[in-house]
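To begin, one chain is listed below as structure tokens, in the form predicted alone.
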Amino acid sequence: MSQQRHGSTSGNGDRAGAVPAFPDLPEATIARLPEYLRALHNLGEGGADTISSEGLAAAAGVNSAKLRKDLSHLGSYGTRGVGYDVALLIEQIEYVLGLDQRRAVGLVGVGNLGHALAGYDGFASRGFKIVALFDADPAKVGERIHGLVVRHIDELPAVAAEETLAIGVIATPAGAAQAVADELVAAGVTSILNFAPCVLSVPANVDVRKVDLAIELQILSFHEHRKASLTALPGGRSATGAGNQEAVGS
């Protein structure tokens, strides 16, 4: 599928999306594309065929200028007076994110979090399928979770080759996460989603995304502390406006 094919018409005339077959995107743009995709799917399911940049930006929680710049990297400029074609833009973003291909996922660690992740329907609806579950605890090996039998971590290399694992998910305690990451890398997995509260050391060709819920709660705690402190200032200054402005500008 060629990215050139997806170029839409701009408001200035016949401006095709002259971008490479695979555009070199800024990291910040890559991070926002899934938000645009989520918003577009919601709009499409609601019956929308087109959407203005302002409407899509509001649905995605960004400003419209930033959205237009992001989408211009894909060769998508919309049409003046019409906006963006929802179905076409979904196709463009899914292509760039590689969601037009099946991504096999292996999950290591089937504690409470692992159980929840294994049963999350949102993965399948976005092109990801958990094909294997692993754990080092003999008491958990052989357990059936959402149709999958938990395998021992020692089976990881064989399963990774058999299933062509694209992504490894680590849901183990922090103390075990680095060893699991090493095993995933040795098995040829070069993309890792890490839920363990630790920093992983991996080769340069391996991409790691970290999800630490405790850190997110600590950041929210900071904002609560700041709002309470500002409210207590002499003169009764309200923190609501200042907090909102900073959140938008971040």
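Note that the structure is a prediction, hence the values are computed from the model and not measured. The numbering used is simple: start at 1 and walk along the sequence shown.
Beyond what is shown, the protein has a form predicted together with the DNA; the following relates to that form.
Next item on the list: Tell me the stretch among 142-150, 67-75, 123-131, 160-168 that has any heavy atom within 4.5 angstroms of the DNA in the model of the complex.
Entry: Within 4.5 Å of the partner lies stretch 67-75.
Notebook entry, point to check: Candidate spot E155, T190 and S201, all three in 4.5 Å heavy atom range of the DNA in the model of the complex?
Noted result: Zero of three within 4.5 Å in the model of the complex.
Item checked: Contact assignment for the DNA in the model of the complex, among P34, P26, G44, G61, heavy atom within 4.5 Å -> None of the others qualify; the residue that does is P26.
Check: Heavy atom to heavy atom, is I51 within 4.5 Å of the DNA in the model of the complex?
Finding: Yes, I51 is a contact residue.
Notebook entry, point to check: in the model of the complex, does L97 have a heavy atom within 4.5 Å of the DNA?
Noted result: It does not: once the DNA is placed as it appears in the model of the complex, L97 has no heavy atom within 4.5 Å of it.
Check: Does at least one non-hydrogen atom of R102 fall within 4.5 angstroms of the DNA in the model of the complex?
Finding: No, R102 sits far enough from the DNA in the model of the complex that none of its heavy atoms falls within 4.5 Å.
Check: Given that the partner is absent here, does V82 sit within 4.5 Å of the DNA in the model of the complex, heavy atoms only?
Finding: Although the DNA is absent here, V82 would touch it in the model of the complex, with heavy atoms inside 4.5 Å.
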